[in-house]
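Only one chain is shown below, in structure tokens, and it's the form predicted on its own.
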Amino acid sequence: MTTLIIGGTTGIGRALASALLAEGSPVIAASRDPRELPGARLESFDVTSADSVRSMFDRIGTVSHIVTTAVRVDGAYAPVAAVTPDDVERAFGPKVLGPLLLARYAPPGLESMTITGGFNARRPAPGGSVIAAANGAIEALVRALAIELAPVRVNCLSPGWVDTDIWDSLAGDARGERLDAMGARLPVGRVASASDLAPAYLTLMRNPHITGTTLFADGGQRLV
């Protein structure tokens, strides 16, 4: 059963792809600029373009599971007074429009679709209105798609802070300090690694009785 992972060669997506490949499951890793991932089939495409999504499915055919971890953070964190329409479009494109296009053009045979949200849909912070809104939209979207696409199961995996390369752009040289400070606040005592989340994705992909659900894997970050 083949899994298509959007964002599958970096960060969380790469960790999930590695877990699947280690057990012998076929993986297609797709993104705008996929990096080498031994054992996986790579596809270059734009998840926010209907033509690109449709063309990709024409090439790869049927898949059993789709997981999307796609995100753009440039402009997603800014005070409301500084937010521009372009910031909103960039944030909502991969997180909301992308999953809609994947659902629209996926060929028959799909069993599950898992969309990556974020804890800030439930616990937003100042300067995070755009990304909180995008992640909140994902939670609503999975409930709607779970009804419309049934019996395809559609769910949201909502992580907290995860120690991936995205923090190089978010925090620069302060990356380690910020992650350590948050980890000290969390009930579990540390922020997640990308590999911590792979089992949660596998649960949503494989449990036949979970759909329309948001699963939080945030280390308790909603609580602090």
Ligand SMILES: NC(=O)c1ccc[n+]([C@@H]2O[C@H](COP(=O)([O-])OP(=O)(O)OC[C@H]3O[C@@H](n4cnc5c(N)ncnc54)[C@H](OP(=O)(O)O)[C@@H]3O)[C@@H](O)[C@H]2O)c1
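All residue numbers refer to positions in the sequence shown, first residue = 1. Predicted model, so just to flag it, every value in this text is computed and none were measured.
Although it is not shown, the form predicted in complex with this ligand is what the next lines describe.
**Student:** Might residue 96 be said to contact this ligand in the predicted bound form, defining contact as any heavy atom within 4.5 Å?
**Tutor:** Answer no; every heavy atom of residue 96 is more than 4.5 Å from this ligand in the predicted bound form.
**Student:** Given that this ligand is not shown alongside this chain, does residue 60 nevertheless sit within 4.5 Å of it in the predicted bound form, heavy atom to heavy atom?
**Tutor:** Because no heavy atom of residue 60 falls inside 4.5 Å of this ligand in the predicted bound form, the answer is no.
**Student:** Is there any non-hydrogen atom of residue 12 lying within 4.5 Å of this ligand in the predicted bound form?
**Tutor:** Looking in the predicted bound form, residue contacts with this ligand include residue 12, since a heavy atom lies within 4.5 Å.
**Student:** Would you check, heavy atoms only and a 4.5 Å threshold, whether residue 155 touches this ligand in the predicted bound form?
**Tutor:** Looking in the predicted bound form, residue contacts with this ligand do not include residue 155, since no heavy atom lies within 4.5 Å.
**Student:** Can you say which of 87 to 95, 146 to 154, 105 to 113, 122 to 130 gets within 4.5 Å of this ligand in the predicted bound form, counting heavy atoms only?
**Tutor:** Selected stretch: 87 to 95.
**Student:** Heavy atom within 4.5 Å of this ligand in the predicted bound form: which of 56, 186, 162, 37?
**Tutor:** Residue within 4.5 Å of the partner: 162.
**Student:** Pull the contact list for 51 to 72: residues with a heavy atom within 4.5 Å of this ligand in the predicted bound form, in sequence order.
**Tutor:** In sequence order, 69, 70, 71, 72 come within 4.5 Å of the partner.
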